[in-house]
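Below sits a lone chain in structure tokens, taken as the form predicted alone.
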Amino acid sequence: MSIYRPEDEPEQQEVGQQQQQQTVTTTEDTPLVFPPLTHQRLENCAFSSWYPTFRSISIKSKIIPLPEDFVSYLNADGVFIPGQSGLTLALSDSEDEGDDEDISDADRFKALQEATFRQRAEGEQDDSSDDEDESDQGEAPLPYFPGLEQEIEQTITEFGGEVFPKLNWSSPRDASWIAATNTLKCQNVSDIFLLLKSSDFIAHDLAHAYEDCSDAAAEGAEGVKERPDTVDLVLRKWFDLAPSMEFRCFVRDNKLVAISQRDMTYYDFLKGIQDELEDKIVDFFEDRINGHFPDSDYTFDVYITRNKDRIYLIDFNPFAQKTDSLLFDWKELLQLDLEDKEQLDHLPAMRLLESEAAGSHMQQPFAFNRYPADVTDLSNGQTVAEFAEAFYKKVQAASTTD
């Protein structure tokens, strides 16, 4: 899910039994009572749980269960891309720039990552076995996942050459800055691996997804799950979606109570079609969603095509504080009186940004998930390959100093 924002997560509250409500204290010390976020409710929002039911109204996707060694690779420190073809390009240790003028930026970047990984691995090997004969130490092999890579490549081809990756819940949206296109559009295996390895959201899926659950992992067990039983890679067919036409919908007690613009940018044309958009989303909810999702409290995201002829279901998220409430405040959503018929007659409430000034006050998305300050200093407007080379030289200098 694109819902997780690890830097914004509240401290975990002590909770009681499964049937108790989750209580979160706001900045005004007013307790907010959320529906209990159980393991089951969270797993109901996992892509593999809902996609088979809603396949016909969602974007074409393929679910690939990840092998455990690849999950370990994702959890490992550092950002390095598995070797696919034993690539061994000469680095820029030589001053003769003509030798590598035909090497593409992508291949050069990959070679620099490979060299950095090997240098680190060899350094660790030296530290652990100083008395070992140097002649017995070969090059540290890069991780290699030929079966997985082949399945990914076949899916990319099947989907027209471009896909959008995510795991069980989250996409690596916070890492889009590292991609050459500044989007999540991937055309090869390396594009996907780089995004997954660079994302805090993906790391959260793998190690912290369950930490806010109010029930135990299993009957008789203590505490929550550490990670999903199966980690899935989801590849979705790439479409150039217009951000202005993405909306988040909030459902309480099987009633659609609120709709928010998702992209925090002001779009002047939306105001003129707001009523039409609201009617289409309400009809879509009543006809295709309501009664088919297993929970009564949840959020879902939709995309309306530019000609407004079709609506796509994008994702489900739990009705919980870790889901971004966008233009609404959780307090107002939780305090709605669903027994008040007069109030129900005015729901759902739909909100759009009303001016450019309002949009300028919204926080830049994922600002805290981007590169550290030293990476910013190194980049200085360079190309990806130039940045990678500068980073590699800095690693070399640091290891020499140590």
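Residue numbers run from 1 along the displayed sequence. Remember, it's a predicted structure, so these values are computed and weren't measured experimentally.
Not pictured, yet referred to below: the form predicted together with a small molecule.
- Interface residue among H208, K280, R262, R252 relative to the small molecule in the predicted complex, by the heavy atom within 4.5 Å criterion: R262.
- Checked against the small molecule in the predicted complex, the candidates E149, D301, D297, D232 yield a single residue with a heavy atom inside 4.5 Å, and that residue is D301.
- Partner contact region in the predicted complex: 165 to 173, out of 328 to 336, 189 to 197, 149 to 157, 165 to 173, criterion any non-hydrogen atom within 4.5 Å of the small molecule.
- Using a 4.5 angstroms limit between non-hydrogen atoms, F293 is distant from the small molecule in the predicted complex.
- Taking the partner from elsewhere, R248 is found to have a heavy atom lying within 4.5 Å of the small molecule in the predicted complex.
- The small molecule is not shown here, and in the predicted complex it never comes within 4.5 Å of any heavy atom of H204.
- Using a 4.5 angstroms threshold between heavy atoms, R227 stays clear of the small molecule in the predicted complex.
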